[in-house]
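Taking the form predicted alone, here's one chain by itself in structure tokens.
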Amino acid sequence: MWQAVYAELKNQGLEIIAVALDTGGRAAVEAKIRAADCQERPEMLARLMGWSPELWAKQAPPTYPCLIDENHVVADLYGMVNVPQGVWIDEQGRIVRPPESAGTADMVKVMNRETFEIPEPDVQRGMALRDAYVNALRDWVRRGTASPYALPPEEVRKRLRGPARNDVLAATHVRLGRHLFAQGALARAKHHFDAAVQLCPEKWNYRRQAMMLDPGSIGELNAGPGFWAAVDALGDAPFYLEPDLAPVS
């Protein structure tokens, strides 16, 4: 569905770069990046992700760059903690919106864990949030720095969190885990990914990898018992921090 947004706005200057954070590399993500037939994807996914019927009807394989970050470099540089997240960068290379959920609502706690169905009120709330995010993006593409959704530098700095000691240590464990995974040392690789999770439990991109390194898991949906146990352990805390789209004057 981002292809529909890209097709609409690319002639106005929008560029999209999609980055998959996956140690499994092409084997884990290639089929999802360029599905042979997008129509085969269940409409359940549209409801889960908050895509309106209008944009869902325009689904198509992406023509913008889709990269695979096996070493999680992008996540570490920008401070990403979950997927999907988006970052807005202007023509001068300045961040105007730091990492945030790209219009995705926090649906995980209300979904049926067997069927992935979402209660209708939550579906409508998710669509409203996604539409609000896409409309904010349209406004920024059209108006640039005059858009109230383009955050001033002081607000960007306020929302960004610089790397702390545990972030640096966790990133080092992930690099070691990736190296060991490439060498076929799966148990040792998982040990380092688990260590990264212990250091930074809020970084679900690390947690996902720790759960999905086994050969039979690569490329599959991360929805096993370990994932749900981690979600339940959140208590009242959100799985996704939904974007704050309040205009900034």
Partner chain sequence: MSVTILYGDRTTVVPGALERGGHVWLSPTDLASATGWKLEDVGLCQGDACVRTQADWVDAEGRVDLSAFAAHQGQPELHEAAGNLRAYGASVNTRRDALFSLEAPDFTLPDLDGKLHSLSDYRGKKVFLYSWGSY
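Residue numbers count along the first chain shown, from 1. Just so it is clear, the structure is predicted and the values come from calculations on it, not from any experiment.
Not pictured, yet referred to below: the form predicted together with its partner chain.
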Assert contact residue (its partner chain, in the predicted bound form, non-hydrogen atom within 4.5 Å, options 55, 29, 48, 200) equals 29
From the list 127, 80, 107, 136, which entry has a heavy atom within 4.5 Å of its partner chain in the predicted bound form? 80
Between its partner chain and 132, 231 and 244, in the predicted bound form, does every residue show a non-hydrogen atom at 4.5 Å or closer? no
Taking heavy atoms and a 4.5 Å cut-off, does residue 190 contact its partner chain in the predicted bound form? no
Taking its partner chain as it sits in the predicted bound form, is residue 65 in contact with it (heavy atom to heavy atom, 4.5 Å or less)? yes
Residue 157 versus its partner chain, in the predicted bound form: is there a non-hydrogen atom within 4.5 Å? yes
Could you tell me if residue 149 has a non-hydrogen atom within 4.5 Å of its partner chain in the predicted bound form? no
Going by its partner chain in the predicted bound form, which residues of 151-175 come within 4.5 Å of it through any heavy atom? 153, 156, 157, 160, 161, 162, 163, 164, 165, 168, 169, 172, 173, 175
